[in-house]
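Only one chain is shown below, in structure tokens, and it's the form predicted alone.
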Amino acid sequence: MFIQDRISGLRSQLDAVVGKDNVRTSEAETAAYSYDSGLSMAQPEAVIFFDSVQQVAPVVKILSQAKIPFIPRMAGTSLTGGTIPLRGGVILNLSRLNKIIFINTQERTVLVETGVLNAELQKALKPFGYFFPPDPASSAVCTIGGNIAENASGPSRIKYGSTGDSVLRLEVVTPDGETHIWEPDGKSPDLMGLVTGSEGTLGIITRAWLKIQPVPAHTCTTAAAFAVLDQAINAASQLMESGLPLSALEIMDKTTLDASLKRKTFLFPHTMRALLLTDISGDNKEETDRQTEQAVQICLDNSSIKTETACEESDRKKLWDIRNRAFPALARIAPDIVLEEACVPRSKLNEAVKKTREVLRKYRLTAGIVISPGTGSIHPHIVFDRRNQQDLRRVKNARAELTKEAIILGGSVAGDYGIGVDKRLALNWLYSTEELDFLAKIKYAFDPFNLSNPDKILPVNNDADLFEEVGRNHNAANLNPSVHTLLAALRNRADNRISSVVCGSGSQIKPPPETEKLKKLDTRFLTMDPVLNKQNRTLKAGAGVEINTLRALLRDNGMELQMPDTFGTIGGIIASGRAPEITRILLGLEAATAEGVYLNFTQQTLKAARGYDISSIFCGSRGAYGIILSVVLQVCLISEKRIFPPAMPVPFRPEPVHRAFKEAVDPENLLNPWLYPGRKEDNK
């Protein structure tokens, strides 16, 4: 138990902001906030409740000035210890901030407070014929703020993306107690995108402007039973490659089905070992019915032993209830349940499932497995008894091994569930010391005193010697020789404190005339051949490749990019902020720092929690934070392409946090120095 003196000295200030009854310090009340849905536990010193959004910033300012940690919390559904107060401090309970401020169907937007339940928003939208796409399994209890903090998704991710793809603008209270409204407008690096998925470590989301979608006129659900799990995965893969307008896709294994269907009469034969649920949506009934028949045939071609189709909402609900009952049904098997998660490239899904089952057998654990083929995510629901120390040890060892196996297959440490406490050490398996240091500088720029949800996401100990490297090679040994030349040039200039003007094709970023005296750093040679992975729907390309070259390659393969039409190199488009929509399809990048350090933040997974979203900080950075070497983009079928307005040039408008990050990653202001004029000591 923490000593209460840190809070008692501030009690009168806190009471004045939120009211005496909203500051709780008794041991009984704080103990209720010492755990969430993960395995970690720690007790806070106080819990503060809020009756209005306007109370959050003053409370954060009081705590920040006193250097007391604070942890935003709403429903407490974090599966990785994301709301555990490891350093004591104060839980900020935002659950009462649950107002839906407006619904604008004409603009297809809503404005909500952070504590609105996902299910309540869906209920409010239904009479208008709209819905909010993210649909996590916990939607009945999870909040919009939590969805954004974890960048959660659900079965509809295959069509609509993750939560971040439906966020238009955020109101955020930063750790210094200041309130900001951020959106990806291209005028500066994308802070909204960076905060999304940051698990409350960069600030507290108080309000969100969200994009809503009209409910399709017709939706049909197909449930296909298989005698072999691999057959269900293969069928899902063919469905994704078919071009059918899938709006949901999930697979359940036999353990999950046995728990969910226990004591219930059902339509499928007892030989069923896997069930594939598929939704197809559209506005034309005949077309939707025809496409559903195609989906059924694909399942039958992959040895489905029985299929059922439902197009009425009540009948569709009965099929999806099999999936929605999975967690509570499995939770009844043993005293405790923990949801693990692996996220791998879609081409590795069969292999990852095989490895998952091997690890569970090795540690003698019972788990129901739910698979999201659209994102390459595998969700083992492990049941156990945490009172049994041997049980608990086996679960922890199995989780670590499952994470390692995912990384070995080119995946990540997590997808929807975040990193929190439980998975932070695993980043040592994924990243080099230099890459972890770069991530830590993002946290420092926002929160130099480590007060906002401290000790989450990033490893506390990042000594690489203590951890075996299980991921891809972190060093630059196998890079193109021209990249080595660039890295050497950067190191030389850093040693001699020589500033550089980063020059690409010149089509996006125009240095002012006064930079003529600075040395140029030409990046036009970064034209490594594009590599298209059709099954994963990813494209890797050198930053110097022209966007028209990439579009031509994709069109030849029946694919496209979900971004506005524009011109120039892909690296220049990203760095300039000319097309901020690209942040939604930019899966990762390789970069070089001002000191010539190589960073690899690429991924081949369509959904992953990998620390902070580096892509967001480089979009609109104008080359000031580092040089983009290559990128990985998510691609789509031509039939799925949306129309965007043409990309337009935008003025540069950095905020103080951008300057703080610039000072952290390039303290000598060596790259494009005119963007952040003045010495560090002059800009405090």
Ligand SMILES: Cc1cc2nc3c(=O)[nH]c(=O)nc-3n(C[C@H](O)[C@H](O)[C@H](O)COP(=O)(O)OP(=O)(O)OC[C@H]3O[C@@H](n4cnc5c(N)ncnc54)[C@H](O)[C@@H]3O)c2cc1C
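Heads up: residue numbers just count along the shown sequence, starting at 1. Please read all numbers here as calculations on a predicted model, not as lab measurements.
Keep in mind the form predicted together with the ligand is missing from the figure; the text below concerns it.
The candidate stretches are 485-493, 343-351, 431-439, 140-148, and the one lying within 4.5 Å of the ligand in the model of the complex by heavy atoms is 140-148. Only one of Tyr160, Trp209, Phe327, Phe131 comes within 4.5 Å of the ligand in the model of the complex through a heavy atom, and that residue is Phe327.
Checked against the ligand in the model of the complex, the candidates Pro580, Pro189, Gly411, Pro72 yield a single residue with a heavy atom inside 4.5 Å, and that residue is Pro72. Shown alone here, Pro85 lies farther than 4.5 Å from the ligand in the model of the complex, counting heavy atoms only.
Using a 4.5 angstroms threshold between heavy atoms, Asp279 stays clear of the ligand in the model of the complex.
Using a 4.5 angstroms threshold between heavy atoms, Ile205 counts as touching the ligand in the model of the complex. The closest non-hydrogen atom of Leu339 lies within 4.5 Å of the ligand in the model of the complex. Along 37-61, a non-hydrogen atom within 4.5 Å of the ligand in the model of the complex is carried only by Ser37.
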